[in-house]
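In structure tokens, the next block holds one chain alone, the form predicted alone.
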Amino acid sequence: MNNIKHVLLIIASMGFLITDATGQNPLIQDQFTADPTARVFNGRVYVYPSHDIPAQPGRGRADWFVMEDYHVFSSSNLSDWTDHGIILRQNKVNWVDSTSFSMWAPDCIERNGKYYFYFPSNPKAVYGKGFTVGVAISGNPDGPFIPQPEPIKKILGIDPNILIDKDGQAYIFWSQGRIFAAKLKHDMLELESEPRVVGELPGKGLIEGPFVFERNGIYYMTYPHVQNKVERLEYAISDNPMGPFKFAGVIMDESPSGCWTNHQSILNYNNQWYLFYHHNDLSPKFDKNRSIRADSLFFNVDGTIRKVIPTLRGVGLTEATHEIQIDRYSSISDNGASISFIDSLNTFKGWKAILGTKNAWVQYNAVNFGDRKPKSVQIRALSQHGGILQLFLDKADGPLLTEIKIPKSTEWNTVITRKLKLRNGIHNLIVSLKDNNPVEVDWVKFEK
């Protein structure tokens, strides 16, 4: 795991729901989330996603995106995420058509102690047709946000993104088939310049979801682009936030599973860059219900971005005393190991690792055992014929930590052993099958 030394210990946020985030990607596993904009406020990462919900009679189209509100999530370590709850609803915004369920990709930025939350939606008929963009304001990054009574004039489109440049000038970017840009007034509520098309980007295929950031004097315009059938993440560079931009490469390839959309933001946190994006992990048969992810991002010496390969393990450090979801693996054996849902009818129950043949294994990187050695380990597992698991440290042929006999059963069991040979510190954890009796594993947890 990259830059483990930068990961901070969790700071508990009293009064809010801390989601089960011991598995890394997707970041949020108890609801659908999409279109993540990640920001650092007060030393903490806040992610502002859109919120997919399944359609119901009278609540959206069954074959389309259905979004009626926004949540915000935050973390101090990129592993444990606090859900601060709903910060804005469509039926609380004066100008929004509350039957449209169209609260799409948002952004949030801080200026002079206030937090400005930008969001698109379909407006009431009096404001015209098509999407437009509004603003809600709060004194805190987690809300509550109070929406302005009118949308921003002269903006028609979706996916607002805000950049405050080093000289203090604010810019807003959005998309409507192409990407548009304009300067914002200092009040962050009105356009200072006329909208203009950022016309130097590829002209073929849908382009949307702009996210602009600056690094070492280079302005990076990132965006999803349908080059073939589904979106991939691309970027262009300029020496000016309004362009002209020059196409520079691909950040992430098209989804191999065929998820139609992707949507990104890029964040520097504790001297490490991260790509936030989404995929349909929890809804593999319907790509309008998506889930946010994060992976590390790196730059070449010349400032170009190295392509990001999506992972299940994601980022952050997992405490050994948490339930370690080994199905969010870092690597897996070539034969005999697989991943599936615990309950295909309720995907929010998560996944399980299936070890089906002798020496099959999964590896979960960057587990923090701390400065005290654990006294016991628990494994929630199922084996119809009774199998034996082996736990190794660091690599598949590394030091043996323990062996655990999983009883013969058609039900899940939590098995505990105190026979451990373990060092403290940060290690990779490998779970391997010793014999040929298949074992399904939900999680592993250490007790001190």
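What you see is a predicted model, and the numbers here were worked out from it, not measured in a lab. In this text, residue numbers run from 1 along the sequence as written.
Not on display, but discussed next: the form predicted in complex with a small molecule.
Chemist: Looking at 61-69, 390-398, 39-47, 412-420, which one sits within 4.5 Å of the small molecule in the predicted complex if you count heavy atoms only?
Modeler: Looking at the other structure, the answer is 61-69.
Chemist: Considering only heavy atoms, tell me if residue 261 and the small molecule come within 4.5 Å of each other in the predicted complex.
Modeler: Yes, contact at 4.5 Å.
Chemist: Taking the small molecule as it sits in the predicted complex, is residue 104 near enough to touch it, meaning that at least one heavy atom pair lies within 4.5 angstroms?
Modeler: Judged by the heavy-atom cut-off of 4.5 Å, residue 104 is in contact with the small molecule in the predicted complex.
Chemist: Report yes if any heavy atom of residue 208 sits within 4.5 Å of a heavy atom of the small molecule in the predicted complex; otherwise report no.
Modeler: Result yes; residue 208 sits at the interface with the small molecule in the predicted complex.
Chemist: Test of understanding: in the predicted complex, would residue 158 fall inside 4.5 Å of the small molecule by heavy atoms?
Modeler: Yes, contact at 4.5 Å.
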